[in-house]
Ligand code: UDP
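Taking the form predicted on its own, here's one chain by itself in structure tokens.
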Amino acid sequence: MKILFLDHSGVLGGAELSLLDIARYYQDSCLVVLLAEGAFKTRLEQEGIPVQVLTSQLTGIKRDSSFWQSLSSLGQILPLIVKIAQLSRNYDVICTNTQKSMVLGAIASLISHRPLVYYLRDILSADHFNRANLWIAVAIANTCVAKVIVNSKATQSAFVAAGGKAELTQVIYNGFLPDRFQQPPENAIQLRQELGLEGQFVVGSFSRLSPWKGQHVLLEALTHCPQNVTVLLVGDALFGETAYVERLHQQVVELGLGDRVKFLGFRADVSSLMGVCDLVAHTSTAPEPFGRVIIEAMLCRTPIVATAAGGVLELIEPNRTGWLVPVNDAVNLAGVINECRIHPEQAAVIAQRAYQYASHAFHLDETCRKFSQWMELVKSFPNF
């Protein structure tokens, strides 16, 4: 089985990390095509995965673009479509990893007569897409895609609610290799010293800094916690969201949080940093399609609290493998933080139970097995 993976982004976000995990499985029989340079290309090269970047200026097609703005970009994207079609003739299936790449891949698949798979990792709703782009994504999926693989039941439900055909969809959860998240205890001790966290109860947030990721809710919750509670914000702005980062810094000043909040930016040592934390908080204000950070925290044996929306509801069993709090509820979030601080033994029991659950329910081997099974079926579909 030879697969052409297509992703428009050069940024190493959650969707790209999930694609990376699957691409490793097909390392000797795939090509990852990107439409932008960036950290994702570098990571693929480091892993020995074939990658090619097609230079592009896709500024006209964005999540908030109107339908006519999207059409005006056709002159820019037609050469890219032709190139993708040419490349895809050497592969059995085209698998697109984002909405933008799905649009390009759909046209390319019609030219090359290769079946198209849309790996949908977004909640298709007004929280994330405008009406025109929702219509475009669903219309193309319904007419051009052989299979829509979704990363959660929440993603599946949103696709169907937006008009997508339910029979096209197949849920395959993101997969992980538990061994990749194991860190020696001395790493956490050393990092705590380096970061000046001795004697602190540490709450970590791991995601890009964006309004819908809700870091401002975590900062508000911190005002309801004792002085020995410190927050680590691991991540930074992407996609033109620097104004939000500035607002977070201003919020720290206005709330008088001082050195209780540490902005660490993007870090490669996420597992080590999760090992430093006494609790990981995932505070999205809109439904998450999946929530990689949640499973990563579980595999690091770090307790997790998250907002109860979207795919998160499929990952956490309340008070058994973690905690769920209402969206935008800083007071309830602070309550969980304080509960874990006061009762660390109980939190440790829940974290260990979560580790056992995640290491079996979300193992990468099973994800790749299901993905491979569906790719073989799609390859045999007629009319391609």
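Worth saying up front: this structure is predicted, and the values here are computed from it rather than measured. Residues carry their position along the shown sequence, with the first being 1.
There is also a form predicted in complex with this ligand; it is not shown, and the following applies to it.
S.K.: Counting only heavy atoms and a 4.5 Å cutoff, which of 282 to 290, 252 to 260, 137 to 145, 301 to 309 contacts this ligand in the predicted complex?
M.R.: Going by heavy atoms within 4.5 Å, the stretch is 282 to 290.
S.K.: Classify V276 as contacting or not contacting this ligand in the predicted complex by the rule of any non-hydrogen atom within 4.5 angstroms, answering yes or no.
M.R.: Heavy-atom contact with this ligand at 4.5 Å: absent for V276.
S.K.: How about R208: is it within 4.5 Å of this ligand in the predicted complex, going by heavy atoms?
M.R.: Looking in the predicted complex, residue contacts with this ligand include R208, since a heavy atom lies within 4.5 Å.
S.K.: Find out whether any non-hydrogen atom of P115 is located within 4.5 angstroms of this ligand in the predicted complex, and reply yes or no.
M.R.: Because no heavy atom of P115 falls inside 4.5 Å of this ligand in the predicted complex, the answer is no.
S.K.: Report yes if any heavy atom of L20 sits within 4.5 Å of a heavy atom of this ligand in the predicted complex; otherwise report no.
M.R.: No, L20 stays farther than 4.5 Å from this ligand in the predicted complex.
S.K.: Check each of A158, L222, L80, V234 and return the one that places a heavy atom within 4.5 angstroms of this ligand in the predicted complex.
M.R.: When this ligand is considered in the predicted complex, the option within 4.5 Å is V234.
S.K.: Would you kindly say which of G265, G240, P226, P184 lies with a heavy atom within 4.5 Å of this ligand in the predicted complex?
M.R.: Exactly one residue meets the criterion: G265.
S.K.: At 4.5 Å by heavy atoms, is each residue in K213, V270 and E296 next to this ligand in the predicted complex?
M.R.: The answer is yes; K213, V270 and E296 each reach this ligand.
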